[in-house]
Each structure stands twice: as C-alpha cells, then as structure tokens.
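To begin, one chain is listed below as structure tokens, in the form predicted on its own.
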C-alpha cells in the first residue's frame, strides 16, 4: 500500500498543486490521500526559487540571515576613500594641457554647481544649438567684476550637454599660482591661437570671452553693453580650423558685484587691470566677496558657420574684422533679448 502510495505521488506533475487556475472537475477526481497532501502543501512550505527569495528578502546568506547592502553614506565614504587613494598614489590621468577630469568632476564642478543651482538659479535657452560632439567655439559676453560667468557657463554645458568646456583665459590667471593650477586642472588654458587650435583639432568644445578684462571690469553704469571684441583672434582660429562659432549671451553676472568705482593707483601697484569698489567691497571685508544672488539666464544662438570663407580668409584683416563685428552684434542683440526675458534682476 505504501509503495503504491509513493508511486502514485510520483505521477503527480510538479507544481500542479500551485497552479492558479485549477479545474474543479479535476479536483473531484483526485484521490482522498492526494487531496489531503494538497491541503497540507497549501498550508505548509512551497518550493521557491533561491534567487527570488534573496530578492524579496533584500539578500540573505545560506543560513537564512538577512544581508543588508551598503547604504548611500557607506558608498560615499568608500568612493571618497578610493578617490584619495588614487590621488596619493598618482593613479589618475591628465591631458597635455593639465586637465584632470576626475578632480574636475569630483571636486571643482560640485562647488560651482551649488552656486549655479541654488544661488543664481540659472536658466538655459537654445541648448539644441550646442553640438553634442565635434569641435566648436563658444563665444560669450564677459562681465561681473570677477569672472564667475566662466564657471557658470562651464557647469551649464557639462550638466546639460554632457561635455567639458575648455575655456581660454588671460595670462594674469595663470600668473597666480593656485588659481592658475586649478584652472589647468579644470581643463582651461591660455587664450592663444596655438592652444585653441590644438584643442579644436582634438574635437573639443572651446569657450572664449573676446571682451577680456574690458568686459569683466566695466562699471555698473555700462552693464550689458559689450566692449570691443579684441583683434578678432578667435575668428582667425575658427577660420583656420573650420569650426562653427556658437554665440552665447549671459545675463545676470552684471549684478553680482556692481562696480561703482576703480582704485587705479592701487590696481597698478598690485599689477591688476583694476581694483573694484562695490557696495559691499571693501566696506564689509571678506563678507563683501559674497556675490549678490541675481537671477541668471544663459542663451545659446544658432551656429555661425564660416566654411564659405575658407582657411585663407584668416589672413585677410578686413574679412576677420567684418566677421568679428558681426559676431559681436549678434551676441549684443542676444543679450538684450535675454535681458528682457529675464525681467527683474533678483526675482
């Protein structure tokens, strides 16, 4: 009887007792001992796949004990320790210009990003005009007494386009030891045609502020009025490399440090292009270095392509001058349009 009982149980298909739509007629034909076994199975343990059990339990060891994975804090600490280990052992890479992508992404950009999101509340327009790959020259207006606009433009393109903007900076920046070192680590380099051409030949996105110190250091009474765009060196570079120019208007930087005066004797003594006096600096001391929380907008215009001129046009001063003036007028009009769209400076 027991042997027959075991043999009949082996004939029952596996998993039949757990079928969701069992037929009532079939249940009627089941032997009484099979019905009792099925009832016991319903009340007792069922076969559950091991991986399913682990997923539902959040991970368990073979003894059935729950295993918790590392939380966000633990993962952050582990990542930070790994970052420090790589810095101490030199297991990181920089390019020929000194650009350190890991340091830039882990340290420099997060500091600027907090100001970008929560202090200046930057809004963007025309992102579709910035190429996702390939070389291009982003040409923007410059202002703000201190070049904070370059930092905000870098964060905007990194976070919303997914590219590193390689800014061209003035010689003075790289004469200051710590500032020059950090600028190199962030991917920036000297504003010279040779470095710009090398970056563009590598397919990089390069940013330039043709107004230079004349733009960033202009008085508050001349806000949002563009200064001269230099001698057009950026146009020569664009012509020789055949890359498009992306005009860019930045509104909001003019209000962060309103320059109301300039101590020129002190500026000459310190070797600076200007020594600004603002409503908060130097009256409030170090607290006067905190920028005012103006509302920012950054707009990118349609690419200006120069293929019709050809590389030889870079040696024609009149062509370079005309293109430079055209780019300046385009950026100036974009600044006016963006200024109207933004509205009040601090709301």
Partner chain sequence: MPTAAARVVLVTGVSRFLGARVANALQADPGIERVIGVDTVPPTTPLGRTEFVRVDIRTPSIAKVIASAGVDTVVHLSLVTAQSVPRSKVKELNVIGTMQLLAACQRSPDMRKLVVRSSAAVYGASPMDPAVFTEQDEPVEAPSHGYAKDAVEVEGYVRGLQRRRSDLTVTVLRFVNFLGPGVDSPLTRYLRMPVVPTVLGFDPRLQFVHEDDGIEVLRRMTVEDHPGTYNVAGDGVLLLSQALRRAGRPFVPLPAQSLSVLGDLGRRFAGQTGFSPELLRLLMYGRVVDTSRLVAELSWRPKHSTEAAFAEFLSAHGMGHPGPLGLLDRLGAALTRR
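Predicted model, so just to flag it, every value in this text is computed and none were measured. Positions refer to the first chain, counted from 1.
Separately, the form predicted together with the partner chain exists; it is not shown, and the next lines address it.
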Notebook entry, point to check: Here the chain is shown alone; which of 110, 162, 265, 71 has a heavy atom within 4.5 Å of the partner chain in the predicted bound form?
Noted result: 71
Next item on the list: Just give me the single entry in 129, 87, 228, 225 that has a non-hydrogen atom within 4.5 angstroms of the partner chain in the predicted bound form.
Entry: 87
Margin query: Given that the partner chain is not shown alongside this chain, does residue 181 nevertheless sit within 4.5 Å of it in the predicted bound form, heavy atom to heavy atom?
Written below: yes
Notebook entry, point to check: Can you check whether residue 95 is within 4.5 Å of the partner chain in the predicted bound form, heavy atom basis?
Noted result: yes
Margin query: Within 4.5 Å, heavy atoms only: does residue 189 come near the partner chain in the predicted bound form?
Written below: yes
Item checked: residue 133 within 4.5 Å of the partner chain in the predicted bound form, heavy atoms -> no
Check: Is it true that 175, 195 and 198 each have at least one non-hydrogen atom within 4.5 Å of the partner chain in the predicted bound form?
Finding: yes
Note to self: At 4.5 Å between heavy atoms, only one of the stretches 150-158, 257-265, 240-248, 72-80 reaches the partner chain in the predicted bound form; which one is it?
What the structure shows: 72-80
